[in-house]
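Shown next as structure tokens: one chain only, the form predicted on its own.
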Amino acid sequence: MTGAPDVVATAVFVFLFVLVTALGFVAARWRKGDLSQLSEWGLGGRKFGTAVTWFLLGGDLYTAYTFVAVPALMFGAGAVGFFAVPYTIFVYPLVYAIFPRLWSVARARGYVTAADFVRGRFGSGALALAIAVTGIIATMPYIALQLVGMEVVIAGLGLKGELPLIIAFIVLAAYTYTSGLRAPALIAIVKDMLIYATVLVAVIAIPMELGGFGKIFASVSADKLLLPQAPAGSLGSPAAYMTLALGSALALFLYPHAITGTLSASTRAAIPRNAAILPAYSLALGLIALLGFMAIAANVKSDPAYAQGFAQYGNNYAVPALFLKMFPSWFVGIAFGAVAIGALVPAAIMSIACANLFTRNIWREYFDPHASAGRECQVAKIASLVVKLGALFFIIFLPQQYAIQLQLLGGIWIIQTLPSVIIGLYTRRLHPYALLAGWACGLIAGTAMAASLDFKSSTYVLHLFGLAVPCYAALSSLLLNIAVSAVLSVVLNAFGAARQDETAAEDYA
């Protein structure tokens, strides 16, 4: 990131960016629908088949920040970075078993968001509001982190200042406003092909250049190849690793953008099909993680040419530095273009998902209950612009650490919606006030755990029966949430009146 910009790499990067921009605007005419309707703009008309849904969910869940941050964690911390691989394996059996049921009831009742379902299932506007606000707040820093991935590769090209980032998000805002979910769905196809091509070339060419995987692993210090051993009286890092993977798996598909991608499928059968083939991305993620060890073997951090990048971005600069060192400029342009497009796709879906939540479960519920369908969609489009501006504000005016800390909290917060959304798919015996109390207890406890760690970690040590158990704060706070919800439901149901459930058993089939 020193000296003048790399002209060849920048030219390739700009070409790819212009290509996906054109696709973003063309998407408005793809699988035509009335884009003045929220279900068309915000869910693509629920018209995406198995293949498109696969690309959309892959582009949605495996983001630019994943491409940058997972190898960075391997580069800096070692084997613990592999937690991202098992958690993406854990999640798909859950999707296979559970989410066709959510798709069915959403299709039958015209639900656009998870909060719509909670509102209908439990008859509680307050609970639906809690779910909507949690989803929006948990997603906002996630969008900001996509900009971190883009910012790192733009810096790797030698382009300085915030202007390239601002231009990229103006373009993103324009085609998202115009085309809605169709834009990231179409662009995701290009993004995924570029990512797969980049990863395959990297995991073949770089080991050949470095002398093979044996030499790569030999260059990594022993303490980074394995998890540290647990001391006596503690379950140690294995417990932290396992709970982090399990908690992350439970949280992943509760994020609004994952639910939006799921509900956009054209048929119920597309959901289990995708659960069966999405693990292909987990394979790619495992290969991406190995780039961190390759960066160690290539000794990129000691290279004076990349010292400025590491000084500014820390270990997040490991992958850009590796590609700059190992590949010619034209391929660097392709790889960095893939990462940048990998930021645009999830950022678009996330902003649309937040806009759907705001419009359906806040604006329409509390400010304009009689809004026309056209007015509802217009508010969603404006809300999506505001969300993008908020994410841009995070990166330009606040330290990146704030976005990282809030994203850490985002996982703790979004998992608190699990009893209302997931358990609610199978029973309505949980009382809405009990669910609200459980949600609040889980939110407070999880946030307090992270705060006690100065928001630098999400692994909080619990002391149970004389044993120290490091546990992902999201998972332990979720258990508290479920316990409070279950106990209070028994009490409240014993004294409360019957509640309205607008869904019917056949809606879930």
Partner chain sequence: MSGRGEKRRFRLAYLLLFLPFLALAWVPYYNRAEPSLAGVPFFYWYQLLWIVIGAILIGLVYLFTERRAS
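Positions refer to the first chain, counted from 1. Keep in mind it's a predicted model, so treat the numbers as computed, not measured.
Only in words, not in the display: the form predicted together with its partner chain, which the text now covers.
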Using a 4.5 Å heavy atom cut-off, indicate which stretch of 305 to 313, 71 to 79, 149 to 157, 183 to 191 touches its partner chain in the predicted complex.
71 to 79
Sole residue of 177, 92, 196, 363 within 4.5 Å of its partner chain in the predicted complex, by heavy atom:
92
If we test each of 125, 374, 238, 110 for a heavy atom within 4.5 Å of its partner chain in the predicted complex, the one that passes is 238
Looking at its partner chain in the predicted complex, do all three of 213, 217 and 272 come within 4.5 Å of it through at least one heavy atom?
yes
Answer with yes or no whether residue 242 is in contact with its partner chain in the predicted complex, where contact means some heavy atom within 4.5 Å.
yes
Looking in the predicted complex, any heavy atom of residue 86 within 4.5 Å of its partner chain?
yes
Contact test in the predicted complex: residue 408 vs its partner chain, heavy atoms, 4.5 Å
no
Distance check, residue 282 to its partner chain in the predicted complex, heavy atom within 4.5 Å:
yes
